[in-house]
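Okay, so we've got a single protein chain in two different forms coming up as structure tokens, structure 1 first and structure 2 after it.
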Structure 1
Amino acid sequence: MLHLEHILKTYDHTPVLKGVSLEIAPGEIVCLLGPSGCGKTTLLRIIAGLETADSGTVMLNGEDITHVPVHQRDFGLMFQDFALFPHMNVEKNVAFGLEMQHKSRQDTRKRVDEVLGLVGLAPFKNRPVTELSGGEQQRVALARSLAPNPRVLMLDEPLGSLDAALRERLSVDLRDILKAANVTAIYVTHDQQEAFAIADRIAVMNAGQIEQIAPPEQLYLCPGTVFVARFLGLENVIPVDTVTQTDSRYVAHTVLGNFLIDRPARHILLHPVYASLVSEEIEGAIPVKLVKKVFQGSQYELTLQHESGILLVVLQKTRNLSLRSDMRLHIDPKGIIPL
């Protein structure tokens, strides 16, 4: 439906977007995930038409809309600071886009009630927006951008200015609302938990490029690059010294031992989800000592040290572990990921 091709953008001689291409299906929610400064907001603003790309095209349903002005795109954008119109009440804010479409007063009122109901703010209709709490303002902003039935809805860190507890609850609500409205959405965030909760697919961005695009589970279980792994908090990235080929497979030689991988790589990730501590001798198990144990409620985060000094982090549910030096770490073959 929405198709970006080779979008380039430079600010003051610094490249911000280095040729980004992306394809989004109707009704899909795609998250642009990345650290600040990776270009995700700029990409969003180019799609919205608030910025112009130096080169590249934005296509919507096969139509080139690269040079269509913002207000004629029928897109929606929800801003991080919500950008509510402070001189209008909730109802007027939500009705603004419908008025711009010259909808009849009756239709406008009906649609406003509808979306306010969808976000659960129907009783707040006549309140000044300045008197709402952060969470309520967020819902007004969402209702306002949904009201005119945008062809694509973009959300720029819409939960960024809320506190952690509220953020967690609202991100689940947000997915439900977006799915109920059956809207094609692009969601920008730097918070992986938020992205996991909301997205159908996540595009991880780094330094003006998309590193990997995949559904949340696949992204987490099988990150494609060192950056993606590290950004998702997967720290067990081990440099590979040499790679040798045996039959159709490859062997990565590292300080922790040799690991079988299915393609040559310069790093391997030992995924904590597939790691387990074992007591008996198993072939390929890595001798480690437990140096730190952090209680996280449902599980423990264990920091293990190999004799080479390399630290590995794994998650375990086992409760009765003490800091000992003679432990062994076993990694399921599925958890050895070439990067």
Structure 2
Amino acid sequence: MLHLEHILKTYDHTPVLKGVSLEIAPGEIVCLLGPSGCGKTTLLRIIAGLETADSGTVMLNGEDITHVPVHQRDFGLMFQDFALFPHMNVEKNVAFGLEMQHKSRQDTRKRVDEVLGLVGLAPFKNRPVTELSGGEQQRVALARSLAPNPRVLMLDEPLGSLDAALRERLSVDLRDILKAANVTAIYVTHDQQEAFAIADRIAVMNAGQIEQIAPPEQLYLCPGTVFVARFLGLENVIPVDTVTQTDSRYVAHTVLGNFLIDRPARHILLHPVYASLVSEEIEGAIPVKLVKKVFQGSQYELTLQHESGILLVVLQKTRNLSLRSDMRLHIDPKGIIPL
């Protein structure tokens, strides 16, 4: 449905977007995830028509809309501050975009009722928006964005002003609402948990480029670059000294030992979710000492000391391990990922 090809953008001789290409299917929710300054909001604004790319094309359903003005794109926009009209009640806020489209009063009323039902605010129709909680105001802003049936809905950090607990709960609700509305959406965030909860696919951005795009589970279990792994909090990235080939497999030689991988790489990731602690000697197991154990509710994060450095693992259960305990760390072959 939406196709971006080689989008370039520079500000004051500084490249902000370096040839970004991306395809989004109808009804798909794609999150642009990355640190501040990586170019994700600039890319969103170029898609929306609020900014102009230096070069590259934006295609919608096969039509080049690169130079189509923002008000002619029929895109919905939702930002962090909600931008609700404080002197209007919920119904009038949601109806605003429909009135700008010169919809009839009957059609406007019907559509407002539909989207308020969709976001769970039908009983709040006549309430002033100033009397709503932050989460309720967020839902009004979403309903107002959905009301005109946008061809694409664009959301820039829409939960950023909410507290962490409310943000976590609403991110799940937001995905359900967007899917129920069957709207194509582009969602910008720097919060990986928010992206995991909302997206069909996540595009991780770094320094004006997309490092990797994949469904959330695939992205987390199999990051494609060192940057993606570390951005997702996966710290067990080990430099590879040399690589040798045996038949169709490769052996990565590192300070922790030798690991089989399926392609040459300069680093490997030892994924913490594929780790286990063993007392017996298993081929490839790494001798370590436990130096820290942090309880995280559903799991434990263990900090392990190897003679060459620190490793982190995540376990659902732990034995009665005491600090400085000697043990061996075993990584399932699925968790040895070349980068």
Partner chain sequence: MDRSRTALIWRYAGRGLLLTPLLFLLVFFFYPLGSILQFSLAPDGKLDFAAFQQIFSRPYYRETLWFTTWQAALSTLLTLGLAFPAAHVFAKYQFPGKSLLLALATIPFVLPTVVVATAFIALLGEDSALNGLLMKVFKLEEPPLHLERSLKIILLAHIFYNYAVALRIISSFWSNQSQRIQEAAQMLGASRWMVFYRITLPLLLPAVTAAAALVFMFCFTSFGVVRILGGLKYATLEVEIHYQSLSLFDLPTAGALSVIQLMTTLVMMIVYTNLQRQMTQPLNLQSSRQVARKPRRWAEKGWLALNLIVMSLLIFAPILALIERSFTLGDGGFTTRYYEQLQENPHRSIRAVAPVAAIQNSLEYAFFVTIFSVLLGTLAAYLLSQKTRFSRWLDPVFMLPLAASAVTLGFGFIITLDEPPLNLRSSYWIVPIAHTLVAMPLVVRSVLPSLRAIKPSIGEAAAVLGASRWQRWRRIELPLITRSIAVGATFAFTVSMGEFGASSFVARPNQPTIPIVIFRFLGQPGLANYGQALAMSVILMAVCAAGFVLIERLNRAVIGEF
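Numbers given to residues start at 1 and step along the sequence of structure 1. Here the rigid core means the biggest group of C-alpha atoms that line up within 1.5 Å when the two forms are laid on top of each other. Just so it is clear, the model here is predicted, and its values are computed rather than measured.
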Problem set entry | Pair member that is the form predicted in complex with its partner chain | 1
Exercise. Taking the rigid core as reference, does residue 26 move its C-alpha 2 Å or further between the two structures?
Worked result: no
Problem set entry | Rigid-core frame, C-alpha of residue 68, shift of 2 angstroms or more between the two structures | no
For this session: Inspect the rigid-core superposition and answer whether the C-alpha of residue 243 shifts by 2 angstroms or more between the two structures.
Result: no
Exercise. What is the C-alpha shift for residue 309 between the two structures, rigid core superposed, to one decimal in Å?
Worked result: 2.8
